[in-house]
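Okay, here we've got a single chain as structure tokens, the form predicted alone, with questions on binding and movement later.
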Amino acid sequence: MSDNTPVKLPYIDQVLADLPEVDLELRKVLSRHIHWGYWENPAVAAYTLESLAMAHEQLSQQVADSGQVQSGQRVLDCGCGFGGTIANLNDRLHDMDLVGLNIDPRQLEVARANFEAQHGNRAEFVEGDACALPFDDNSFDRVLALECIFHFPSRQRFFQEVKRVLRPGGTLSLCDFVPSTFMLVLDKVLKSIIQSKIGANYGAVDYSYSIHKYRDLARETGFLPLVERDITANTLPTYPVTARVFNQNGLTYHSQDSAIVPDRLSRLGLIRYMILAYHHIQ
């Protein structure tokens, strides 16, 4: 059964409110990607808008490459946000049939307004629930889910739905904050405090899925693990770079205590930012 009620995401609400007010260059970045970034060499990450924009693009490409996305395929991006990953694929590949899915119509409105097809690609943005996908069986070659699965009401239902809409031999590629064993122990004691801190900025987040649970889930739903890659170190500049850029433009909400929590948990090794890809078992 589908629950088509959008998750409350205070950070997204604030970004949407700020978009009309910020200068054009920052608006281009804010209205494209709303996920963390990937720096190949994080030790020399520049604290600039250009660095942040490139890191966003790199993360999208890393996840897509892990899922073996190539020209000529039909690709579904679940939780597509403002359509940045669809736009990234549109920029780099050709003859693609691209579909972005999101439960929040406001984000889809931004995605549609910013998208311009090129290289023989086609795209559509669909309002819907990732746990009750509004698509036919065996209708996609690849499925992506960038930094959104922790908002879904059920990872199991999502995997089952992806298995249904994927063609045999297809892949699912996602990125997620994966807890360490110690984090799972700590969470039993401090769950309400951690959840309230994270929720104040990012909404309801389920960070309880360990790598072992992902392996079990893949086996139970008919997927074979293809990639299990820890890219935490490459993402660590995200918070300080974003905070610097935002503060320079008068946007202070990224400096709030609630926004810092994922950064601190990552630096302490309590959560790992991972790219996970799975192969549809025929």
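Start at 1 and count along the sequence shown; that's the residue number. Computed from a predicted structure; not experimentally measured.
The following text describes the form predicted in complex with a small molecule, which does not appear among the structures shown.
- Using a 4.5 Å heavy atom cutoff, none of 74, 100 and 121 lies near the small molecule in the model of the complex.
- The small molecule in the model of the complex comes within 4.5 Å of no heavy atom belonging to residue 170.
- The shortest heavy atom separation between residue 151 and the small molecule in the model of the complex is within 4.5 Å.
- Using a 4.5 angstroms threshold between heavy atoms, residue 9 counts as touching the small molecule in the model of the complex.
- Among residues of the shown chain, residue 203 is not one whose heavy atoms approach the small molecule to within 4.5 Å in the model of the complex.
- Contact annotation: the small molecule lies within 4.5 Å of heavy atoms from the stretch 126-134 in the model of the complex, the single such stretch among 126-134, 187-195, 112-120, 162-170.
- In terms of contact with the small molecule in the model of the complex, the residue from 231, 53, 243, 34 that brings a heavy atom within 4.5 Å is 34.
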